[in-house]
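What follows is a single chain, given as structure tokens, in the form predicted alone.
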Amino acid sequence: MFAAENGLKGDPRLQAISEAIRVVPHFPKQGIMFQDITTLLLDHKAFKDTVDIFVDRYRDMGISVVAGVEARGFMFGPSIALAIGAKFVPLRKPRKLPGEVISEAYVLEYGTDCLEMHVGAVQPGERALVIDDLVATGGTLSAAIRLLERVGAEVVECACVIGLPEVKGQRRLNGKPLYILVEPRKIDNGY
């Protein structure tokens, strides 16, 4: 669900967050309208508002794990985790974590990929939030859910800053709620 449909309709923070995201046409390839959150990170107020909205939502849900999807989930996850009193667990691409890992492969439009997590980072029964910057198809988030559930975690929700309005990934998220702040921007107004 989009934040505007869940009590934040007309909240000026959502418009400011959307406007702080730069659109880079044809990156990384022709036809892609890349949603660049680095400009959101440069805007202290918009970045803080992004974190604050997530913190307000998750503060009283008993979440003990915030799992961030590499790499842009790492930008928001640690701040949210600290604010709600949870630990941050990075879900990384293959061969990025030292030590013993558990892996979950998933299919992309153009191939396959994999997420890994340290064995022992999450304990059975812990309540987890999965965070990423953008959801398109839901494939990466679904892999994150499967990875966390394999170690016995209860995934409470997935959260993204940006989500396609026609997100069909909801059915691929194993019935887990999906919370999205804004839709992708169509044009670039520069920094």
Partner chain sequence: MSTYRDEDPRIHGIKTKIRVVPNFPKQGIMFQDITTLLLDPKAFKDTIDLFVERYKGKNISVVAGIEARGFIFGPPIALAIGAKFVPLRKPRKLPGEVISEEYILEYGRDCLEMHVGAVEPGERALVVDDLIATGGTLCAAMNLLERVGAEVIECACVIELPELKGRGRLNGKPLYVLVEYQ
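Positions refer to the first chain, counted from 1. From a predicted model like this one, the values you see are computed outputs, not experimental measurements.
We do not show the form predicted in complex with its partner chain, though everything after this point is about it.
Peer 1: Can you tell me which of 53 to 61, 148 to 156, 23 to 31, 134 to 142 lies within 4.5 Å of its partner chain in the predicted complex, counting heavy atoms only?
Peer 2: In the other structure, the partner sits against 23 to 31.
Peer 1: Candidate spot 162, 175 and 185, all three in 4.5 Å heavy atom range of its partner chain in the predicted complex?
Peer 2: No: no residue has a heavy atom within 4.5 Å of the partner.
Peer 1: Is it the case that residue 108, even though its partner is missing from this view, gets within 4.5 Å of its partner chain in the predicted complex, heavy atoms only?
Peer 2: No, no contact at 4.5 Å.
Peer 1: If we define contact as a non-hydrogen atom of the residue within 4.5 angstroms of the partner, is residue 82 a contact of its partner chain in the predicted complex?
Peer 2: Contact with its partner chain, yes.
Peer 1: With heavy atoms only and a cut-off of 4.5 Å, decide whether residue 114 touches its partner chain in the predicted complex.
Peer 2: No, residue 114 sits far enough from its partner chain in the predicted complex that none of its heavy atoms falls within 4.5 Å.
Peer 1: Is residue 97 close enough to touch its partner chain in the predicted complex, meaning at least one heavy atom pair within 4.5 Å?
Peer 2: Because a heavy atom of residue 97 falls inside 4.5 Å of its partner chain in the predicted complex, the answer is yes.
Peer 1: Residue by residue through 35 to 50, tell me which have a non-hydrogen atom within 4.5 angstroms of its partner chain in the predicted complex.
Peer 2: If the 4.5 Å heavy-atom criterion is applied to its partner chain in the predicted complex, 35 to 50 yields 36, 38, 41, 42, 44, 47, 48.
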